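Next up: just one chain, as C-alpha cells, the form predicted alone.
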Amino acid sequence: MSHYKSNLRDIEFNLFEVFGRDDILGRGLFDEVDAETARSILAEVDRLARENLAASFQDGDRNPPRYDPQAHTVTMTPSFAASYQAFIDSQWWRLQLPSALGGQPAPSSLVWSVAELVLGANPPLWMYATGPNFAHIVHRNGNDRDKRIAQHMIDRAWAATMVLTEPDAGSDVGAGRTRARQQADGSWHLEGVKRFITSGEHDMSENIVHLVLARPVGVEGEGAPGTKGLSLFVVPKHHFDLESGELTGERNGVYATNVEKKMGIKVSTTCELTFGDPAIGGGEPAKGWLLGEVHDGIAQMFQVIENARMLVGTKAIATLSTGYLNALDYAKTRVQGADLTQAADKRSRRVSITHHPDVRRSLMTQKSFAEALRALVIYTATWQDRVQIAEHTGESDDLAERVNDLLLPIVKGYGSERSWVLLGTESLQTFGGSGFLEDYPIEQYVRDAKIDTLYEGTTAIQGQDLFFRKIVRDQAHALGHLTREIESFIEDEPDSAASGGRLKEERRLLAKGLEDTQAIVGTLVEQLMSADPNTEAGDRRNIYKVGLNTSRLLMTLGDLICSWLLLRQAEVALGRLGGVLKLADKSFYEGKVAAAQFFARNVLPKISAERALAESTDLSLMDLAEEAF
C-alpha cells in the first residue's frame, strides 16, 4: 500500500470554493482547460501519484543511486527511474509550458496543485523533471539559437539543472569565481567548480542541460563586482547537432566530481560539477552558449530561483499533509489506555488515542497548519495567475508581481520551517516509538523535509529578503495591499444569523495579530533608520537589531496570513453548512471551521509576545565576545 495520502478534497476546495478559479478557467489564455478539465487532471495525477509515483519512494531512500568516481557517472535506482519515466510519459509537465513549446497553458494555481500531488508522493521526481520549466527560461530569454535548444530540450525530454553555488560562495552568489571565455565560433569555454547542484548527474535522460552562472572574461564590464558581473550560460552534458538535436557522441567537459551523502532525499543526486578541468575526462573544454546578453545572468537566474522557492514551499506542505494524514490514520487505530475521565478505573474500556486530549491537540495542530499552508501556496499562485493573464495580453500587472514577490519568501521560508518542525514534533510524536522506525514513512518524511529549510536560501535569508527587498525596497506597496485585504475581511463580518457569530472572537484575534505584526514591521523600520550614520543619532550597528528580527517577522507574518486564509475558508464552510449536505461534506466543512478557530486561538496570541521581543531588542548579543559562545 502506498505511503502517500493525498488531500484532493482540500485542494479542490481551495481552488474552486475559496479562490474561485472557475472564473479564469475555460477562457482567454486557459480556454482549453475549463473547471471540469482541471478536476479531471487533478484526479488523474492523484491516481498516478498514489499508485505509481509513490511506489519507489522508500526504495530510492534505502537503495540510493550509485556514483562511479572514475567515470563520473551515476546509475539511478531502477524503481525510481521507472517512476520518473511514468511521470514523463504522462505529459502532465506540459501544463507549465506555453503553446510555442508544445505546452498546454494552465494557471499557476492548477500547476502547483498538481505539483503538490507529485511532491507529496515522491519529491525528487518533480525535481528531476524540471527540464521543461528550464527550457521555458531558455526560450523566454534567448535568441533564435537558444529557442531551438529549448525546443530540443522539450522534444527529447532532456533534463536540466540550475548551477549557482560554489564551494566558497554559497548564499553569497556574487562571490562566485567560475569564468567563461568567448571563442572564435561564438561559444564560450567555462572553468570552475560548482557545488550542491540538484540532479547534476544521472542516467534517466540522454542529455542534461546546465544553466550556469559564470563571469565572462574579456568583455566590457568584466570587473563589475558581485552579481552584476555574472552571466548565464547554457552548458550541455553531451554535444548535439544544433539543428536536429541529435547527440554527436562527443562528451562536453563538465563532469560530476562528487555526489554528496545526505541525511534525506537520498535518491536526489546532489553533485559537485567541475567545468573544463584538463585533468578530468578527456580534458575537453566545457563548451556553452551565452543566454541573452552579458551581465544579465542574475536577473535570468532569479526566474529560476523564484520557481524553485515555490517548489520548495509546495514540497514542504505536501510532506506535512501526508505526514498528518498518516498520523491521523494511526491514531484512529492505535488503542492505548482509558479515556481520561475513566483513568482511575482500571477495568474501564481501552480507547483509541484519538480520545486523548493531547493527541487531539496535536492532530488539530497538524491539520490546521497543513491546510493553512496549502491555502498559502494556492493563494500565492492566484497572483501568479494574474501575472500570466496580463503577459498573455501584452500587458503587465504590477500589483500582482509585487504581491507575488512578497509572498514567495513566506511560502518558502515560513512553509518549510513550520512543516519540518511539525513533522518531527507532532506527526512523528503521534506514532510514539513506532514513528522512529522504518516501518512507517514518518521517519523518512522528517529526514527529507529538513533540506527545505536550507536550500534555495536558508530561513534567515528568506527573512532578510522579505524585509529588505519585499518590504523596504518595495516601500511596503505589496504589504500595504495585503494589510488592506485583511482589514477588509475583519470589518466585513457576515450576517450573524447565517454564521451564528461563530467567528466573531477569531476576527478580534486576527485584528490584534495584524496590529502586532504591523508594530513589528514598524520596529524594524525604526531600527533600520537609526542605523543611518548620516542622521544625528545614527549608529550603523543598529542594523544588527534588524538582523536579529527578520526571521521573527517572517514567521509572524506567515502566522497572520495563514490565520486569515483559514478564516476565509471557515466563512465559506459556514455558508455551506447552512444547506443540505452529505455526511462526508458536513464533516469536511465542520473540520474547516474547527481548524480556523483552533489556529486563531492558539497561534495568533503568540504574535504579541514576538512583538514584545522585537521591541526590546538590544545589542548585548552582538557585543558578546566570540569566545563566550
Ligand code: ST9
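Position 1 is the first residue in the sequence shown; the rest follow in order. The model shown is predicted, which means the values in this text are computed figures rather than measured ones.
Keep in mind that the form predicted in complex with the ligand is missing from the display, and what follows is about it.
Checked against the ligand in the predicted complex, the residues 134, 87, 158, 240 give one hit for a heavy atom within 4.5 Å, which is 134.
Among 127, 290, 478, 422, the residue placing a heavy atom within 4.5 Å of the ligand in the predicted complex is 127. A residue is said to contact a partner when one of its heavy atoms sits within 4.5 Å of a partner heavy atom; residue 436 fails this definition for the ligand in the predicted complex, lying far away. Although the partner is absent from this view, residue 306 contacts the ligand in the predicted complex, with a non-hydrogen atom inside 4.5 angstroms. The ligand in the predicted complex is not approached by residue 440, whose heavy atoms all lie more than 4.5 angstroms from it. Using a 4.5 angstroms limit between non-hydrogen atoms, residue 335 is distant from the ligand in the predicted complex. With the partner left out here, the ligand still marks one of 316-324, 366-374, 469-477, 276-284 in the predicted complex; by a 4.5 Å heavy atom cut-off that stretch is 469-477. Residues 455, 456, 457, 461, 465, 469, 470, 473 of 455-489 are found to place at least one heavy atom within 4.5 Å of the ligand in the predicted complex.
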